[in-house]
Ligand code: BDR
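Next comes just one chain, in structure tokens: the form predicted on its own.
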């Protein structure tokens, strides 16, 4: 049984990711920690609790950072609705978040389970950076970090060069990448193709199990946003795409070992992550001896859609 902590700024695509974790028998979801990003931290906690409730999962939820490490929280376009979950009035959890703060839970859990806990980071990396800053030695006993962040080798969605999660707190993302534990980056480019759910699949979810019905409602605003901006009737689920990479071995088709540099200068490059790939020669860096992440470069879109839909139609 693999031990997971999911760190999330729970919007609708995070909810889809939590569903994969909750419905995978091989995953022991030790807890969910929340951070401000898509929505404020209290809303993120309620969204996570409601998602887990829809899945029949009792994993505890812990509230974390309400703002980035250094900068003020940025106001961004809400592609998931004001509540992050489609503004459909579906967020009314019966459980409450835990009293313990997220960083305390992460550190205690890793200390009790050295070299066993895998962190799945689906939002800004603020909670993870704070835990590292509080006790780096404990955090070095994390087994693996899986992170939905960066544009990968494509374009950004927050700026032309930066992806949302990194853009919200680039300093925290840099702290996380420099920890030195095995890390896999799943970038926004993995969602640039046909991966996601179209209108027919969403209609099927509306007739599926409770979790499927919940997700269909939660993605209403995202569906409209994608139609208005891209002319497509589909929802992209980058956080679910990322969590699937942690769970399904045959889903990831290729990766590239990279030295990842996070740009934190206060200019147009803020939040950009530069990937120096192993096996390539860069004249400005004649020697690279710190490859700090594996970057996913291809996934099976068919595998994702088939397995995800199967989970929510049972």
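Residue numbers count along the first chain shown, from 1. Just so we're clear, the structure is a prediction, and the values are computed from it rather than from any experiment.
Note that the form predicted together with this ligand isn't included here; everything after this is about it.
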Legend entry - Contact of residue 209 with this ligand in the model of the complex (heavy atom, 4.5 Å): no
Legend entry - Proximity of residue 47 to this ligand in the model of the complex, heavy atoms at 4.5 Å: no
Legend entry - Proximity of residue 126 to this ligand in the model of the complex, heavy atoms at 4.5 Å: no
Legend entry - Distance check, residue 165 to this ligand in the model of the complex, heavy atom within 4.5 Å: yes
Legend entry - Site check 153, 183 and 260: each within 4.5 Å of this ligand in the model of the complex by heavy atom: no
Inset, instruction - Would you kindly say which of 218, 172, 122, 102 lies with a heavy atom within 4.5 Å of this ligand in the model of the complex? - result: 122
Legend entry - Answer range among 91-99, 237-245, 209-217, 194-202 for contact with this ligand, defined in the model of the complex as heavy atoms within 4.5 Å: 237-245
Inset, instruction - Output the sequence-ordered list of residues from 23-47 with at least one heavy atom within 4.5 Å of this ligand in the model of the complex. - result: 38
